[in-house]
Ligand code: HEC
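As C-alpha cells, one chain now follows by itself in the form predicted on its own.
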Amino acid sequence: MKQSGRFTDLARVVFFFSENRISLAGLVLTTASAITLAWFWVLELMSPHPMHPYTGILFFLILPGFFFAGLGLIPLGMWFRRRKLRRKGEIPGEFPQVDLGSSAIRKGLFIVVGATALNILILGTASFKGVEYMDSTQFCGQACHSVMSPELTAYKDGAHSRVTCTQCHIGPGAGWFVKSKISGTRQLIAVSLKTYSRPIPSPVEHLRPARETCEQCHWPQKFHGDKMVVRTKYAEDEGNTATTTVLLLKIGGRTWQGQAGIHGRHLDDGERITYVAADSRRQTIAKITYKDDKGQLVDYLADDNKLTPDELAKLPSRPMDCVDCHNRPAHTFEMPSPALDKAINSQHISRELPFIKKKAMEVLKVDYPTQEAAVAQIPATLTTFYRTSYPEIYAQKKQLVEAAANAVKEIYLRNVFPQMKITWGTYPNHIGHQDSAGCFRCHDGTHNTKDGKMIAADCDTCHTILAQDEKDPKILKDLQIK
C-alpha cells in the first residue's frame, strides 16, 4: 500500500472516532491552554519586572497540567467511542471516506498536522519552563510563603545570594534531580496541609555530600595559609566602648610537606575524620575516628558519653565534610550582640548615641508575638528612650536615632520569625566558637583515646592571637590598619 493510502486510512479512523464530546472537550482545553500559555510567555519576555511566584505556579505548573489533560482527553474519548460502538456492533467495515480532493478536508488535515506540531513545541517548552521555574530561587523561597521566609531572608543577606538554591541543594546530575523532586512533592503536601515542622529541623539529614556540591566551586585542599581576622565589639556602657581582637586564622590546606592547618587536618581527598553524634542536631559528639598521617585509625570517645558500645555501634557514622563546620553557608542567622557590633562598625548605627548597644540589646531580646509587632515597637521604644532620657541629643541627632532604630528593626527581621518559632540561637552557626559550641563540640578537652591521647582545646592549634579585646591594638598601628 502506498504511503498516501495509509495516511488516508488513518485519517478516516481518526476523524470517525474523534467525533465525541470527550475528544472535542480535550481539543478545546488544549487549544485554550496553549493560547494562554503562549500569550503569557510573550508577556514574560517583554516585562522588565520579575513575575510574582504564584503567577509562576499558575502558568508554569497548573496551566501546563490542563494542557496535558486536554491532550489526554482526545485519545481517551476516541477509545470510549470505539468501545461503545464495538459493544453495539456498530463499527463499520469501512470507515467514511475522507476525500483528500476536497479543499475543506485538506485544510482540516493541515490544521490538525500544524496543531500537532505546535502542541509538541508547546509541550516541550512548557515542560522545560516548568522544570526551570521549579528550580528557581523565587519558587523555592517565595512559593511556600512563611515556611521558607526565614531561609530566603538569610539567603538574600548571605555570601551565596547569587548562587541558586538548586546548585547547593541538588547539584549536577539526573539522580539527585529526581530525588529532589520526590522529596519536594512530599514537602508541598506538608505545606498544603500545614503539617510542616516549626521550626524546620536542622541539619538536613539527606543533604547531598559537600564534595558533590560545595566543592564544585570551592577547593578545601588548596593551601590558603593564614588569614588575618579583625573583630571589633562594643560594650553596653554609655560610650559604647570599642575593643578589638586581632588574630591569624590557620586555614591551611595541602602543602608539599603534607596537610596543614584547619582545612588540611579536617578535610582530605579521602575520609580523614568520621564521627558519631549522640543527638539529631549533631551538637553532642560521642565518638570521633581520625585517620593519622600514617593511615592508622584512632578513636576518641567523649568522657561524658553514656552510650553503651552496642548503642554507639547502632548510631550512624558520618564522614566529616564542609557543612559540619560551615553548617549555615547560605542561611546564616546572627546573634544580637555580634549583629549590633557589625551594624555599629558599618555606621548603620551611630556610636554617638549613648547606651545604644545596651538599649538595642534590650529591645531585640523582647519576645514579640509577631514580626509586625516588632516593627511597631522597636523603633517606638528606642525613640521614646532618647526623647525622654536624652532630649538634647534627640533634638540634635534625631536622624541618627531614627536610622539606628531602623537598623535594629532590620536586624530583628533578618533573624527572628515568631510564625516559624525561630528566635535567637535556634540555628547555631558552627564556624568558630563565639556564639555556639562550634569547634568545641570536638575540641573541648574531653575526647580521649584509650591510651590517654586527647583532642586539644589549645587556642594556638587553630589561630595565633595578636591582640585580644584591646582598645587600641598596637599591631593595627604597626600595619597601618584602622
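Heads up: residue numbers just count along the shown sequence, starting at 1. The structure presented is a predicted model; accordingly, all values stated were derived computationally and were not measured.
Beyond what is shown, the protein has a form predicted in complex with the named molecule; the following relates to that form.
Asks: With heavy atoms only and a cut-off of 4.5 Å, decide whether residue 300 touches the named molecule in the predicted complex.
Replies: So residue 300 counts as contacting the named molecule.
Asks: Taking the shortest heavy atom distance, is residue 327 within 4.5 Å of the named molecule in the predicted complex?
Replies: Yes, contact at 4.5 Å.
Asks: Could you confirm whether residue 218 comes within 4.5 Å of the named molecule in the predicted complex, counting heavy atoms only?
Replies: Yes, contact at 4.5 Å.
Asks: Would residue 201 count as a contact of the named molecule in the predicted complex, using a 4.5 angstroms cut-off between non-hydrogen atoms?
Replies: Residue-level check for residue 201: yes, a contact with the named molecule.
Asks: Identify, from the list 380, 366, 159, 188, the residue with a heavy atom within 4.5 Å of the named molecule in the predicted complex.
Replies: That would be 159.
Asks: Among 343, 353, 73, 168, which has any heavy atom within 4.5 Å of the named molecule in the predicted complex?
Replies: Only one listed residue qualifies here, and that residue is 168.
Asks: Have a look at 151-159, 408-416, 386-394, 189-197 and name the one stretch with heavy atoms inside 4.5 Å of the named molecule in the predicted complex.
Replies: Of the options given, it is 151-159.
Asks: Only counting heavy atoms and a 4.5 Å limit, does any residue of 432-460 reach the named molecule in the predicted complex, and if so which ones?
Replies: Read in sequence order, the residues that approach the named molecule (within 4.5 Å, in the predicted complex) are 432, 433, 434, 438, 439, 440, 441, 442, 443, 453, 455, 456, 457, 458, 459.
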